[in-house]
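Just one chain follows, in the form predicted alone, and it is written as structure tokens.
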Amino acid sequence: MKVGIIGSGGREHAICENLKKSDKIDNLFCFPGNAGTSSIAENVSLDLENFEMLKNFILNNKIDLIIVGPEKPLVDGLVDYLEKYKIKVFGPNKISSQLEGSKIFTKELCKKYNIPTAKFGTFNKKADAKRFLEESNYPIVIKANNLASGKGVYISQNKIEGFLAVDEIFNGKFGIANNILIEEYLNGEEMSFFTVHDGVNFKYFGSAQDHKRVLEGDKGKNTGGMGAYSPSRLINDKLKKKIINKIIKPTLKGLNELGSKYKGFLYTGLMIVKGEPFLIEYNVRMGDPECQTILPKLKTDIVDIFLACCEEKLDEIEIKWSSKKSLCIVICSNGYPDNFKKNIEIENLDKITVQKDNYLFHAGTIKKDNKYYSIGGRVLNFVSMSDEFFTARANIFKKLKKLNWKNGFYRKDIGYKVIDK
């Protein structure tokens, strides 16, 4: 069969590599893909906001299944559009995608269905938001309501930082801002919890901890993700049941009452406080870099999972996993998440070879004249699986030392909460 993947990041390269292992796949297409996907798929450069052009390419090339990687096409309603033309698509529809598209939508859902989350307020004027901050306890969390590629969250330690966050959001740092979300700071440990859905059934799809902050020790600005490890050190059967019963099932009930069945990956971002889960956010796709960390552990043919989700047959699939631990380190362009240079050659990439249980997923890369160049903030993802997190990280360090890319940087402490040495 022919399969197409929408997106150009490390997540999409990881999905592509996993699909390639299936004997059911004849051809892979990536829209637009990156330097890594170009060696295993046909990269197709199309305007992803032009749904008609994309639809025509899919129909003309008789592509059997489309997997939507990033959030924006989902929030914009790509799934709804393609399904009108009887195209098989893995991903949630426009209504369900509001779980990520609007943080306020999700908070109101939490309020209505008693889903545990931080106390919050919403504001559509700078002055009102700042008046609230004058009377607040700190630290406090301030969020852009719209999509912000994982960067629109501020943890403000005092009123000055809070005012700056409000100004940046309302001044359009993350796009047009009609409103803003301010919520209490929960003191606990974050966890990423994944499920996969077919509209009727769902199954657990792994856990991870993402390192969002740019600097070691989880300091500095928020990023799209500097690395991750899986499984989370917090996960156990008791906690898993609480997450499913208190958070995921009520959310699905709320969506059903809005006339929407959830299909696709669901990323539940949690804060675990004294053994109790609180919802921080939903993402309506696999996380990045959590996807790169989790998918190498998957033993079941991912094509069977995608097809089962499109046909409401997920209950007929058994999802099997490796018991090994997995860790991912992201190498970024110098200057990220602020200003960074593009089209910088990655000189030693051809010297990197990956053995069993080790992976290299491209993100912000392009290949020109048999040379690799960086074109994004997050450039490469090095992943290793092992019986111990310490060994996995040590394996990655060897690759990074060999790469020796002077124009990039990475965090050396990914997984520090589960690595003692």
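One-based numbering along the sequence shown. Remember, predicted model here, so these are calculated numbers, not experimental data.
There is another form of the same protein, the form predicted in complex with a small molecule; it is not shown, and what comes next is about it.
Novice: Tell me, out of E83, D304, E168, E281, which residue has a non-hydrogen atom within 4.5 angstroms of the small molecule in the predicted bound form.
Specialist: Residue within 4.5 Å of the partner: E281.
Novice: Pick from E190, D218, D76, E312: which residue has any heavy atom within 4.5 angstroms of the small molecule in the predicted bound form?
Specialist: Checking each option against the small molecule in the predicted bound form, the one that comes within 4.5 Å is E190.
Novice: So, a 4.5 angstroms cut-off on heavy atom distances: do all three of A118, V141 and I155 pass it with respect to the small molecule in the predicted bound form?
Specialist: All of them do, each having a heavy atom within 4.5 Å of the partner.
Novice: Picking from 242 to 250, 121 to 129, 179 to 187, 330 to 338, which part of the chain touches the small molecule in the predicted bound form when contact means heavy atoms within 4.5 Å?
Specialist: Going through the listed ranges, the match is 179 to 187.
Novice: For K88, is any heavy atom within 4.5 Å of the small molecule in the predicted bound form, or not?
Specialist: Residue-level check for K88: no, no contact with the small molecule.
Novice: With the cut-off set at 4.5 Å between non-hydrogen atoms, does M271 touch the small molecule in the predicted bound form?
Specialist: Yes, M271 lies within 4.5 Å of the small molecule in the predicted bound form.
Novice: So in the predicted bound form, is the small molecule close enough to K212 to count as touching (4.5 Å, heavy atoms)?
Specialist: Looking in the predicted bound form, residue contacts with the small molecule include K212, since a heavy atom lies within 4.5 Å.
Novice: Indicate whether the small molecule has at least one heavy atom within 4.5 Å of a heavy atom of S136 in the predicted bound form.
Specialist: No, S136 is distant from the partner.
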